[in-house]
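Okay, here we've got a single chain as structure tokens, the form predicted alone, with questions on binding and movement later.
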């Protein structure tokens, strides 16, 4: 029988952020600049006039109503944690971000993206704040200049090293983006390259040198260009189909085959209808679940500043979204059934035995 050694902190982290069946059914409320833009649109204020209080009220309401339903919630340490930690149930896992919102636009065309860390914040503080996992978002395209590419890789390695040091789970979220001239001109070209972009970065960041425990990735195709949905299924806009549903299922299986760690999908700002289909396709073909953000709760923001109305929507529409996502992810692969572990029975505590307390973290 295969035997896989895992540290106590990592093992406890996996158990804390997943369901009893070992699946990632997770909600993200880490949006900062995006939420600020949404609030500016709703209130008529300039984005710069959106206050800490505005942000905190929204995050508090979302967490207060929806966090009890999910296996774990992810938020930021600036607005999210201070406003909502009191409302997150003891049996819901907590994930805290370490990256600054947005990116620095660099390069000759200013299309290349550099990520950065939140000033005054690190994995040590994530652990001390009681979180079960640290999460880093990086933007990544291999076509950027080597200096930019290496900057992103260095960030990923640094958080991996810190998560090993403090024995806490590490979730790396990788986000692609249109970069090349023809992709900017026509989104179809980006959609054509997306499968290769995602498989490429999955191969890279599931390497042991990054010490990643869970990869959170783009869905490996754009459903809007799928034969079955290209007639405007999600937004009413017709597009030329470039792949079939069967091909997309095979793309998910490719991710399953090449990822050396459990993987989950991100929502990427699409609507709930599209995200539900992505969750089902990914879960049926190797993903261990999802960590979704805006599609789960964004409708509530339309009622701001009436917190009561926001919470009324969350307790109805928000809960309905959860129930649909739960059904869509019913075939997700439990984290311990991923090929890295094979089964829960294969997992053993690293340095376990009578001297574990002496050997731990030495």
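Residue numbers count along the first chain shown, from 1. Treat the numbers as computed from the prediction; the structure is a model and nothing was measured.
Separately, the form predicted in complex with a further copy of the same chain exists; it is not shown, and the next lines address it.
Here the marked residues 88, 165 and 362 all reach a further copy of the same chain in the model of the complex, each with a heavy atom within 4.5 angstroms. Residue in contact with a further copy of the same chain in the model of the complex (any heavy atom within 4.5 Å), chosen from 125, 192, 153, 114: 125. For the options 258, 241, 188, 118, the residue carrying a heavy atom within 4.5 angstroms of a further copy of the same chain in the model of the complex is 118. Of the stretches 102-110, 208-216, 192-200, 88-96, only 88-96 has residues with a heavy atom within 4.5 Å of a further copy of the same chain in the model of the complex. a further copy of the same chain in the model of the complex is not approached by residue 245, whose heavy atoms all lie more than 4.5 angstroms from it.
In the model of the complex, residue 180 stays away from a further copy of the same chain, with no heavy atom inside 4.5 Å.
The closest heavy atom approach of residue 132 to a further copy of the same chain in the model of the complex falls within 4.5 Å. Using a 4.5 angstroms limit between non-hydrogen atoms, residue 285 is distant from a further copy of the same chain in the model of the complex. Along 319-350, these residues reach a heavy atom to within 4.5 Å of a further copy of the same chain in the model of the complex: 344, 345, 347, 349.
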